[in-house]
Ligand SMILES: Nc1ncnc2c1ncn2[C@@H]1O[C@H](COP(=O)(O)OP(=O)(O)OP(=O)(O)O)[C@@H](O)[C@H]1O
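Take a look at this single chain, the form predicted alone, given in structure tokens.
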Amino acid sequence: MSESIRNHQASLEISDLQTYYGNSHILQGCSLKVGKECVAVLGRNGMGKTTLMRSIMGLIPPEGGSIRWQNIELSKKEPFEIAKLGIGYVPQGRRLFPSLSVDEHLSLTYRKTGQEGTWDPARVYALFPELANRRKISGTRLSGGEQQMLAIGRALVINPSIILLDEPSEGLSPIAVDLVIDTCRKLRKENISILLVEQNIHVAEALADHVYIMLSGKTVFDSEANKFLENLELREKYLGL
């Protein structure tokens, strides 16, 4: 995807983002764009990738820079306001609630749109039949792969235009990782954009159209995914791979 096309299609634009944890300056000038595509944010551990996702969702409000979604500034909005604008979030570690069943995780976050083809709990169960068979048990009693499917389903029922996926393959079996990849491909066919943070380079290779590299809280490099992932010198330089 050419840069001019990406500029024209960009729905999420982040510019010079500055975010702190207490006195620690974590994001120090992060900038990126996401259009109708899958964008992967790569980098070694501790570079600020999860902080980026949490900043977009308003969970750690940034202290400088801009986050614009469809020309709406997000940096001062509350998380529930951001979700209502059509941004789904699948956090690292899934963050499910022990007191809620599978069904409750989906029904409590379901946002009706009144349009055909929208995501509701029934459609999530059709996508993930394993969840349909376990809908009355606690979400935290599921296997790791099933928990990730529930976390994705919980994001889908707000009917997002973009989903933020933070380390979706973490701790999963190879079979479950393949299911995550297959699910993301289906979502792209539904015209849902994806912003992906991922340590598993094979997931990025399978899904990403464009990649950004983060180093010490900054985006220091970006390119079409295949050009970066096929360049072993760049992979070694930025990822140690």
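Small disclaimer: the values here were computed from a predicted structure and weren't measured. Start at 1 with the first residue shown and count on from there.
Note that the form predicted in complex with the named molecule isn't included here; everything after this is about it.
- Residue-level contacts in the predicted bound form: of 33, 68, 188, 44, one residue has a heavy atom within 4.5 Å of the named molecule, and it is 44.
- Contact with the named molecule in the predicted bound form, defined as a heavy atom within 4.5 Å, holds for exactly one of 183, 200, 50, 28, namely 50.
- Residues placing heavy atoms within 4.5 Å of the named molecule in the predicted bound form fall in a single listed stretch, namely 50 to 58, out of 174 to 182, 50 to 58, 203 to 211, 188 to 196.
- Interface membership of residue 146, defined by any non-hydrogen atom within 4.5 Å of the named molecule in the predicted bound form, is ruled out.
- Contact check for residue 92: a non-hydrogen atom falls within 4.5 Å of the named molecule in the predicted bound form.
- For the partner-free chain shown, just 167 of 163 to 192 comes within 4.5 angstroms of the named molecule in the predicted bound form, judged by any non-hydrogen atom.
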